[in-house]
Structure formats: structure tokens, C-alpha cells
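A lone chain, given as C-alpha cells: the form predicted alone.
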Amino acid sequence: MKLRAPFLALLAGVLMTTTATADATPRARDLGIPFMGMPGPLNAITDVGGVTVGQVTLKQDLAGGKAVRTGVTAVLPRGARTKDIPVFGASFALNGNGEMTGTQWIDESGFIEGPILLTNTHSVGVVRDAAIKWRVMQGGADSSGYWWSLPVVAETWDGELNDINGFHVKPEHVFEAIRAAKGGPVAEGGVGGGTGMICHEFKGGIGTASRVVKVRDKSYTVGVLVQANYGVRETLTIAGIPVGQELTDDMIYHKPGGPNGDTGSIIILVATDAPLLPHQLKRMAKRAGMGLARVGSYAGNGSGDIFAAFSTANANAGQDGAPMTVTMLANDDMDPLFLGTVEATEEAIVNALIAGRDMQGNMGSYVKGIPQAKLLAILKKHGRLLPAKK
């Protein structure tokens, strides 16, 4: 099967580097797919005040059938202030066949320092080194007199669609993703670090969602961003319906040798403005796995399912000097935040699938985006489709 434009418009040897911006493509809710909970205004991780996202997408057709389909996604927990002010954070690995650098220090110190960067498996090293160089370029060493840094860089494997061993991600792409980070809508699907990712044997990639929850008399926001590259078709579940079992009449995925089980991965980032301490944020990170399960993941042996959570509250917590006061919610008040994490994770993954588009990639591999009309027909048949938004 051959895919037509826009893939044939890619000229061999010409690297297309783009800074991803959100477009007007309908998202899952717009199509009538039902979800529980109340989203924020953007239904994105950027609903958490101060959080910014930047993405650089790399596409190129090379000689001999090779293709570049990769990129970098940068999440800055405090926007431009990220270089100076850390956030309380935590990490959790549901299944550890993957990598997120810096997690030892996150677990030891309770802080996430600097941007969080997402890319492909074999570009973790260059992205990590570039993040350190970016920190040095900002000027002003830390209190020890050094530009000390253990960057947080996470990965999923895009080696089916991308020439992953060509090492096409360069330091300048990392700098550009950080520089481009902004609030507002977030581009989804095959963009940034998610450019070459596959989810449940459909085109996957970046997805995001948020929830506004009430804790006693105060509202807080939970935002989630995923880089979804996991799963098999038969377990795919949307709105509680095992739709993957009915989406079987098309050849929707091809690579040499064909699919071979759940050998992909997913990175999930959870942000909140609720005042939480690191041990509470680890509890939040764990709940992301429950949202992942709702969409049909069983965290297969070959899957790297690694999550991080952070809070933008307590901006003074990273300061040196005299003892300080920080705030926290009671553990008994965390249930709404747990539920919001589960709901936002589920919707973020479905948004990544809905945004996915057919892609032809490395050495004849290709993947189709989920067939939206068929998906909606299945949901309607099962009474799980709302009127589409106009």
C-alpha cells in the first residue's frame, strides 16, 4: 500500500523541521466521545498555571528508503522561571522497559529541576546533554558554584517509522523546543517527541487533557500530557467499549515482520496546582496507570510505562537558607485529585489517537490513523456517542 500526499511532498534529503502548534482539528470530545469529569478551558496540561509546552518535529525522506520521523517535546513546569525555580515532583515506573533520566535524584530530593524533555529512545543522550548545555547557557551557577544538573529526559521507541539509528535529533532541536515553549493549546498526535509513535497499532504520539476538581471549597487543576507508543489493537478500549475488537477489517499497521505484542511504551506527565508534597505526588503518578488501563493497556513485558508528577505550588520550597513553611493538602482530601488524574490520562491518550494521521516511514513501514468514522459508528451502536460539537 502506498500513501499519497503529504508524504510524497517530502523531498529526499530535505529536513523538514517545524515547531508544532495546535490546529483546529476536532479532538475526542468534539466528535462526541464521552468522558467523565470537568476539563479546564484548554483541556490540556497548560491549564495548570505557568506550565508551558514546546515541540519540534523532524521529518525527512532519505536515500535507500530511510526516513526521519521524530522530534522533541519540552514541558516547562514553571515556564520561563523553570531555569531558576524547581517544583516538588515524583516519578513512578509501572513497567520499567524504558528510560526517564534523573529519577534517582527526583526520588531522593523530592524536586524536579529544569524542563522535562520527551524524545525517541536512542536520542536520550544527546537531549540530556543539550539540556545541560541549555542550563549553562542561561548563566548563573547554583549556590555550589557549578551549573549542576541532572536533566529529566524520557523516551519511547519510534524505530518502526523513524531511522532511529541515524541520530537525527541534535542539540539545536532541544534548544528550539525549550525556546518555543508557551501556554495555550498544545499540538497533538504525530508532533514533537511523538512524531513517529504508534499506539494500539494506530498512529499515536502526543496527547493532553485536564480536569478541574473541587477539594472542600477550593478548585484545583490536574493536567496530563502523554507520549503514547504502546498497546495492541485487540485490547483498545474507548468510552468503555472494546473497539479494537471491531476495528479489524483494514490492514492498519505494517512493519517488516508485523506487530509482535505490546512492546511499545508510554510516558505520562501529571501536573497540578494543588499544594502537594513529593510523597503525595508519587501517589498521583501511580494513578496515571489506572487511566492507562482504561484505554486497554496491560503494561506488557516489553513496554516502558514511566510517569512523573509535579506541583506548581510552594514556589519557595527550593530556596536555600532558613527553615521555611510549605503547604499541603491532607491525604484524606486527595481523592478528587486521584480521580482527575485517571480521567485526564484516559482522555489524553484518546486525544493522541484521534489526532493521529496516516504516516509512511522508515524502510516501507506505515501506520494508519484510527478510522474515525468507523470508531464513531461502533460507539454509536453501543450507545456511547454524544452529539458532536459544532
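Don't overthink the numbering: it's just position in the shown sequence, from 1. Since the model is a prediction, treat every value here as computed from it, not as a measurement.
There is another form of this protein, the form predicted together with another copy of the chain, and it is not shown here; the text below is about that form.
The candidate spot formed by Phe111, Arg283 and Gly302 is fully in contact with another copy of the chain in the predicted bound form: every one of the three has a heavy atom within 4.5 Å. Note on contacts: among Ala313, Ala181, Leu94, Ile85, the single residue with a heavy atom within 4.5 Å of another copy of the chain in the predicted bound form is Leu94. Looking at 202-210, 100-108, 68-76, 189-197, the stretch with residues near another copy of the chain in the predicted bound form, meaning non-hydrogen atoms within 4.5 angstroms, turns out to be 100-108. Taking the partner from elsewhere, Ser219 is found to have every heavy atom lying beyond 4.5 Å of another copy of the chain in the predicted bound form. A residue is said to contact a partner when one of its heavy atoms sits within 4.5 Å of a partner heavy atom; Lys214 fails this definition for another copy of the chain in the predicted bound form, lying far away. Contact annotation for Pro171: none of its heavy atoms lies within 4.5 Å of another copy of the chain in the predicted bound form. Contact annotation for Leu31: none of its heavy atoms lies within 4.5 Å of another copy of the chain in the predicted bound form. Contacts between 318-340 and another copy of the chain, taken as any heavy atom within 4.5 Å in the predicted bound form, involve Gln319, Asp320, Gly321, Ala322, Pro323, Met324, Thr325, Val326, Thr327, Met328, Leu329, Ala330, Asn331, Asp332, Asp333, Asp335, Phe338, Leu339.
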